[in-house]
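In structure tokens, one chain follows: the form predicted alone.
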Amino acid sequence: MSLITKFLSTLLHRREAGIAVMIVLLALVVGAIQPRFLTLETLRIIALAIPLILIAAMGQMMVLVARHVDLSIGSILAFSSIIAGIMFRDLPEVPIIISIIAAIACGAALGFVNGVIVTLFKLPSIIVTLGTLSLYRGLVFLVSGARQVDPQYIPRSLIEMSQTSPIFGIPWIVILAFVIALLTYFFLDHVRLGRQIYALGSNPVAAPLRGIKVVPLTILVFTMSGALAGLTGIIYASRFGYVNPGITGVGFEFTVIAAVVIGGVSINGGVGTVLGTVLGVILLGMVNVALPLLGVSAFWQDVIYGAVIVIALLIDKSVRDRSARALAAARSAA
């Protein structure tokens, strides 16, 4: 009996348990106010809102755990999506899989550039990626000629990925997103390279002393984030059926960062779990769907995202300060 009590106590003290409780409470409260929120149709809408954020959040999570941040993922998404869209429109004879690989490769290349600039010039990633956010967005307009890729050019088979699958009718993009999350979990928790990302974020100064190759690892993290943003660009084309250079991915980075920090990933690096991030994405997806149902203006979403990031920073600082005081007290007692 004591083992069960200990297990439940440990579970309840995990950050993920708090997020799960918030998800349940949100569903109950919004469902009581607006019963439509608890219908299968609304559940499907929430499910379709998750893949875009979740896949990119896996990449952003790794970047944040490594004590960096990538503000350019929205522009990388747009660039990768427009490249695939142009291939769909101008090279219809090319197999879809080639266009998908091209989009992921473009995202990886842009992420690689971010990582190289951050490590080569030893610049803060927030400044570098703020610059590349604008740079990559400019490339989107240059490559596309500011022209939208219209729905008739998006392959029907790609659009169907957002509609159904043989697996209980769950759309393929939802299945893909959770597969990516599982692979990320396996990489971070069971692969030595993944564990090194946590070590790097926890103590960048001590990381080289542990045999961690900081520069290649940092570049790898940004490259993986870019590749996942590139894949998200394909999901965007599947979900919405068009690619517009002016609106695709705009503000997306803040949505992803909000979801990741809700999930308990520390902006100061070294802390965060895939499960927490998944729950954070689900909670944010529910909020996105709940607000319109409650008649709340969509502009409040931006307010919520900004508030979440600021609150997460304050909580993280408070936790670090308490930990520092506890460590100092332990040393004094010793």
Partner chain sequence: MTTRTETVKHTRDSADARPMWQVVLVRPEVMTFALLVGAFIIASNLSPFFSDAQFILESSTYYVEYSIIALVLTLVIISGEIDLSPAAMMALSACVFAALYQAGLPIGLAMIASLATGVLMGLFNGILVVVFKLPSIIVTIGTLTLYRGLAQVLAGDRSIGKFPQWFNGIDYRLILDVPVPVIVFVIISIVLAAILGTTVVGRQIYQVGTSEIASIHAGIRVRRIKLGLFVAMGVASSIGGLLTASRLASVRYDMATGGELQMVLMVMLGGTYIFGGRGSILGTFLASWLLVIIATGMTVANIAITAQLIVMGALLIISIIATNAIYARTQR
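Numbering follows the first chain given and starts at 1. On a predicted model such as this, the values are computed, not experimentally measured, just so you know.
Another form exists, predicted together with the partner chain; not displayed. Remarks below refer to it.
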Taking F121, I127 and V303 together, does each of them reach the partner chain in the predicted bound form with some heavy atom inside 4.5 Å? yes
Name the stretch, out of 292 to 300, 270 to 278, 30 to 38, 45 to 53, where some heavy atom lies within 4.5 Å of the partner chain in the predicted bound form. 292 to 300
Please determine whether M224 contacts the partner chain in the predicted bound form, using a 4.5 Å cut-off between heavy atoms. no
Evaluate A326 for contact with the partner chain in the predicted bound form, applying a 4.5 angstroms cut-off between non-hydrogen atoms, and reply yes or no. no
Does I117 make contact with the partner chain in the predicted bound form, using a 4.5 Å heavy atom cut-off? yes
If you check in the predicted bound form, is L26 within 4.5 Å of the partner chain, heavy atoms only? no
Exactly one of S238, T132, N244, Q196 comes within 4.5 Å of the partner chain in the predicted bound form through a heavy atom, and that residue is T132
Selected contact from L209, L142, L183, I98, since only one has a non-hydrogen atom within 4.5 angstroms of the partner chain in the predicted bound form: L142
